[in-house]
Structure formats: C-alpha cells, structure tokens
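Shown here is one chain on its own, the form predicted on its own, set out as structure tokens.
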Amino acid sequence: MLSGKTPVGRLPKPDLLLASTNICQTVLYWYRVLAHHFGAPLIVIDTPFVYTETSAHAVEYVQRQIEESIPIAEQAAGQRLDESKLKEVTRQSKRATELWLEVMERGRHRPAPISVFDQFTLMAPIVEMRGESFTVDFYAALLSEIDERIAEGVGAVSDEKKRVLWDNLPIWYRLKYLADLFAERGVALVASTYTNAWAELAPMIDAERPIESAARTYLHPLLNRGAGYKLATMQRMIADFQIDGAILHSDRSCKPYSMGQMDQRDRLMRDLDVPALLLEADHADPRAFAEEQVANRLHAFIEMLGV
C-alpha cells in the first residue's frame, strides 16, 4: 500500500473504511492503521461470537449497526442508498456464492479436477466482487470448464494417490512451493475449510431482506463460531470428499481460526483414524515460515499417508 507496487497499481485513498470483528484479529488492527494513515473514517461492525445458537438479540444488534452505518456511507458516496439496487446486489451475491460452492463440490470427483491451491486463487471474486454480475458469469464459466475436465478425466494432480483437507488460511507467500511439494508425491489437496467458509452461508442470503440477512450471514462465518462447529465441518468434509489426511495450519495472524486446533487434530485422529498434522506458520508474515522445518514435517506427514 505504501510502495504502490501491487498487481493493480497504487491503491487509492479510501473515502470510507469498514471492518468487522467476525474475522482474523489482525484485520481490525490493519484497518485502524489505515484509518490513521489516510485520515479516513472507520466503521467497525461488532459481531457477537456464536458459541452454539444465535439469539434474535444478536441479529438485531448487528442489523442495527449496519443500518446506522448507511448515513455515513451515503455521506461518503454523495448519494442515497438505492434499495432496489441493494436487493439486486444481494441477489447476485447469493447466486455467485452458490456457484462457488458448486465449484468446490466438484472436488469430490476422482481425480479431483480442481485443487485447494486453485481455489485459493479463484476465490478472489467471491471475496472482493461478490455482488457483481460478471462474478456470476465468471463462476458459471469456471464451473463449465471444471465439468469438461471431469468428463475428460483430467485431475489437478496428474497422478492422484491421496486426498487431503486443508484447515485455516493458506500460507499466501508460499503457495507454489507447497503446491509443487504435494503434487510431486501425488497428494491432492481437494477440500478446505477456508474456501468453504465463503460459500456455506449462501442459504442465509435473502435478497428480499438484504440488511437482516446480511446481519445473520455475518454472524455465522466459521471464525465467529465455536470450535465444535469447525470440527463437525471437517468431519463432514472428510466423509464427503473421501479424505485421507488433514493439515491444520496453526496461523499466528488468525488466532480465532486457530483456536481448538490441537483438540480438533486429536479428535480427527482418534475418532476417524485420519492422520492429521498441526502445521505452525502465518498467512501474512514470512518470518514465521521455516522452510526446512515445514518441509520435514510435511514429508513425514506424507509418509504417514502411505505415499
């Protein structure tokens, strides 16, 4: 941001910043720094943690915050909120999210036509441009291409021997290194709790009640729910995707996502007899990535899989 050296050029000065507490704890720190640096207003939407069930009060609390942010956004934009456009954006968001879920579900096929490393790159539109019609078109085209690969028996890994689940954020700055390491041994990463988190809430999106459904949806991301929910999600994905092993990335820059991973790893190994590795690193800070140590642990894990 400071250097201007990005794939899309220099980032513009924001007129308004908005963040939520339902995500990695570092995000709120980043946005506070950005607000201070740019002198821009910052809205923080507080989402109460969901341990088991969501109360009506929690939904109303988040909805009220969203409603109170609208006049601030209108002032920054210099125009009033168009409710019909809001409904259309919500409709497009729901459709794009449903298509993204279908894309990931194709990973159930053998060989998997798309890997988790592909998903980490292809998720950009669902994160940044969810309400746009071209995002819907993009995922519809992607789904068609994936179905062609399935019909032709083309796999993301040329010689798929074992299938692995990835938990938590990716190690963004070492994606190619990790993808090559697994592919060379015939290990396909076919499912991820992280990419799934951007899709699993599609049923909660309601274009006829956009603000209320937004409040409900943003209360329920994986990071904002109890550790038992994530364990159940991993157990379901292990069955659905015929998973042979799991890697739980213990991410120092995303503590909410990493809570409970030691117990989750032990439960997967004990209850499902699935080899599981707890891999310590960081999704944003390369100083926390010790390549030799990571390589040794991953090779040992692959040996556990019987490859």
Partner chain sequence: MGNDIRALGIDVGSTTVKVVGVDAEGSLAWHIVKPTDPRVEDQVSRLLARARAECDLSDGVPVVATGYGRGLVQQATRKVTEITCHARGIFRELGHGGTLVDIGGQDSKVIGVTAKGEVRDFAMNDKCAAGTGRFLENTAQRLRVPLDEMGGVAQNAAIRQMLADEMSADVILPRHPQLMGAYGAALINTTHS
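Residue numbers count along the first chain shown, from 1. Please read all numbers here as calculations on a predicted model, not as lab measurements.
Beyond the structure shown, there is the form predicted in complex with its partner chain, which is absent from this document and is the topic of what follows.
Contact annotation for Leu277: at least one heavy atom lies within 4.5 Å of its partner chain in the predicted complex. When contacts are judged by a 4.5 Å heavy atom cut-off, Gln293 counts as touching its partner chain in the predicted complex. Not displayed here, its partner chain is kept clear of Arg267 by more than 4.5 Å at the level of heavy atoms in the predicted complex.
Using a 4.5 angstroms threshold between heavy atoms, Ala300 counts as touching its partner chain in the predicted complex.
Residues with any non-hydrogen atom within 4.5 angstroms of its partner chain in the predicted complex fall in just one of 56-64, 269-277, 42-50, 25-33: 269-277.
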